[in-house]
Structures are given as structure tokens and as C-alpha cells.
Ligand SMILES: Cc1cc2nc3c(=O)[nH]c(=O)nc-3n(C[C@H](O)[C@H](O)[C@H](O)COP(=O)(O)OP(=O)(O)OC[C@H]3O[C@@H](n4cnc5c(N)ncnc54)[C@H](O)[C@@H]3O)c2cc1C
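We begin with a single chain expressed as C-alpha cells, specifically the form predicted on its own.
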Amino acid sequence: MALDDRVRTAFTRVLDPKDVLSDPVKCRAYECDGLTGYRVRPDLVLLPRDAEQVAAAVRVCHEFGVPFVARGAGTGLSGGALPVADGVVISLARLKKVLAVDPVNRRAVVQPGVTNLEITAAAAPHGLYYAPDPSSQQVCTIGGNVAENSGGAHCLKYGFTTNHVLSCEVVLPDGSVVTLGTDTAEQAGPDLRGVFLGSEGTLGITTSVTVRLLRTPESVRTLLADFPSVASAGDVVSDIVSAGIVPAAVEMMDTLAIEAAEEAVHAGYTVGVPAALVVELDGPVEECDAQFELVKAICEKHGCTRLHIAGSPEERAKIWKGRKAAFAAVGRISPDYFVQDGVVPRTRLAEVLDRIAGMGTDAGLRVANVFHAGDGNLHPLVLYSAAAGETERAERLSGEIAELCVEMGGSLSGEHGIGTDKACSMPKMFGEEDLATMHRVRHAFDPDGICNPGKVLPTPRLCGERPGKYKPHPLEETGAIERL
């Protein structure tokens, strides 16, 4: 049932009418996030301009029982920002100010629509930076990072978003405003900031975030190493950690991922090689140099076929450009793909990757792998063609890979969240009591169930008849009509 005129009028009373989008064509732009396999067109899209308007819009939702979904840049990969039919999307794209940078106390206050990389840009003149660095950091926003507890290549050494957010101003589902956490990270009582971080937008909407800033490392050393097998590259990762070295990042890519990245950005990767590692160390010059020599020796011990050391900041940036472009680059070798995000014990990397390769062969689908090897956070990309009718097979394989990670002693998600994509797999990882506890926590924040419903926790409807899964209209398939 579409929202009635009373609701639409109420929204235009608290927002400028031109900031309330109802045109189906304009609303279509918000029908999915980075997981484009699932789509739902929202009834309305709201574009508040400040925190007060966000709270006012949420109060209208609360008054009329309208489900709402907060949205940042829409780069999420688990369907966490998938709209709800007959609900509204509250876009935070216009809340994009860096409110303060405090170099003395090494922190910054930003609005949720500020991109991850813009925080570092604001801090850089003070010799500081913001550590979490998702691959999409040029476009993803801190509000989305908070919702998903995002990580990135350098979370191996520096931790995830929750380790760098001191406090959040939050609009709760009834429209009230609270601050979770403190500027000093010290607080009495339960850690509600920690509860909110990574809750995938199901407990409220953040309208400002205070983040911790780190001092820019004195030295950074980066290498790109090719290996004759995934197993040998995995052994290098284990040996580095066993040697007591904590790299800033250790990333692995396989043949398909390397091929796609090289074709897209020409980063100097070796096309056709079975596996490549990007290893980066940072810290004091003497320590960094000594450990770098150890890493080189470990690479050579395990049959490294090519070792390229970045000799300048530009070469380092080029290596990282290839790695961070890998997800998007896969679009060059496949019309469609699912990105999975499971975690396995680092010691089982080679075993799991062999299993994934076998599952892909059995399903008749290709699987590319590019991932954070240092902490076992896999990102298998299941390649398929929707036009060839492979969607359901790819979706099934993607889910089986996520559940394989649990079987291997890992988890369903490392940093992309559960969202819509993996909610039905939650019982594979958590028992009934665990899930019931999560339900109670969510209910405490949102007793009416209007805040990003249908995400994270499984429901009979969600798992029995997935709402929102995009299926082309028969006329689309014939070419008689097209999606705008």
C-alpha cells in the first residue's frame, strides 16, 4: 500500500517540498545499493539538509509507522540500504561537512555524508590521518562506515571503524536524539556506542561522528610479490605473522582478480600468475626497514617468482590502485557478479580457497578472489550472467561460500555486513538464544520495527520469499521497455 497523502504532507511540513522526492523515475536511483541483484523502489526519498531535519523526518515516520532506511553513498555490498516497499529512504548525502579537526587531541567531528577519504584530507595538514580504509574510500561515507563497522586493507594493524569512532550523535527510531560514547572514549555503564557501531542502520541514524585520528607513519614500505600457487602465498602470510611482524596490510589476489585489475588500471601486476601479495609495513624507519628485509626473505623462501618494491609514493599508489580497483574491475570480465565477505582462520586459507574453486567448478561459474589475507577476510566474487539465466545459481553459490566460512570456524562477514544478502544464513552461525537476544536488543531501540526492517536478522518472510529481489519484467526481456 502506498503512503497516503497525510504522510506525504507531514514530510513536506518538516522538509522543503522539493527535498521530498516522489517521482518514480527519481526514486528509482535509490532502489538498491552496491548489491544490485536486489531492488525495491521506495515510495518517497527524503533529502534532509541537517541533523534537525533528519530527526524531524524520523519523528514523522514514528508517528505514522512508516518504515525508513538511511542511505549514505549506496556503496554497501550486502543490501543493507535496500529500501522497503511503501517506506521511505532518508538520504544523508547533504550532511557532508567536516565540522571540526582537533589536532591537539587528534580527533575530528564530521557529518555522516563526509567520505572516508575526505577525513584524511582534512587531517593531513596536521600530519594526521583516519586509519580505516575500505576499498571504496573515495566515495563511501563515514555514516555508512559506522553502520557496517567497515574495515579495509589496513585494519589488520589498526582495527575497524569501531576502534576509531569515539562517539556518535544518533537519531533514534522515535525521533529523539542522543549521543553514544564520549570524546575521550571513556564512559560509565554499558557501551551503547559499541552496540550501535555495525548495527547496519537498524538502531537509528547517526548525524555526526567524532573520530580518532592517527599520526602519519614515519616510514612506509610496500612490495608486490608473485607466487606459483595460492598455497605458497598463504604460507608467506602465516610465516610473516609467526615471525612476530604485524604488517599494516597483507592483501592477496588470484589469477582472475589480477587479470581484471591490470586490464582496468595497468598497475604493473603480472597477468596469468596464480597469486600475488601486496605487503605493506609502516612505522619508525629502523624497525620498518629491518622487518621489510625479513618479509622479502620469507617471500623468497616460498618460491616468489617476482618481487617488485615500490620505490616512490607514486609507485606505492599505483600498486594500491590495482588492489582497490579490483572489485569494480571484475565488471570488465563478467557482466554481473556477487561479492561475498566471509572470514576464515588464516591457517585454513589455502584449504578454503581450494574448496571455493571446487564449488565454482561444480556450479559451472567462475570465482575471483581478492581479499585481506592477513586477517583471513575473504572476498570471493562469483561471476555470472543474468542475461544467461545464471542469477539463481550464482546466488546459491555465493550463499554456500559464506556458510563454508562458518563451517571452517570463521564468520559470515568481516566488514560488508549481513544486510539482506546473508540474513537467512545467520542461523548457521548463531543459535536460537543468540538470535533471540539480538532481537531483544533491536526491539529495545526500535519497538515498532520501522528502522531498516528486514535486515540482519532472519524472518520467515525474508527467507521464504525474498522481498525485493530484482527480476526483469517480461517486457524488459523482450526489449520492448527499458529501466530508467
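Residues carry their position along the shown sequence, with the first being 1. Since this is a predicted model, take the numbers as computed values, not measurements.
What comes next is about the form predicted together with the named molecule, which is not displayed.
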Among 277 to 285, 241 to 249, 76 to 84, 401 to 409, which stretch sits within 4.5 Å of the named molecule in the predicted complex, heavy atoms only? 76 to 84
Even though the named molecule is not shown here, does A373 get within 4.5 Å of it in the predicted complex, heavy atoms only? no
A260 versus the named molecule, in the predicted complex: is there a non-hydrogen atom within 4.5 Å? no
When the contact criterion is heavy atoms within 4.5 Å, does E200 count as touching the named molecule in the predicted complex? yes
Within a 4.5 Å heavy atom cut-off, is A147 in contact with the named molecule in the predicted complex? yes
Select from the listed residues F292, F327, Y158, W320 the one whose heavy atoms reach within 4.5 Å of the named molecule in the predicted complex. F327
Exactly one residue in G234, G342, P173, G143 has a non-hydrogen atom within 4.5 Å of the named molecule in the predicted complex; which is it? G143
Interface residues of 256 to 284 toward the named molecule, as seen in the predicted complex [heavy atoms, 4.5 Å]: none
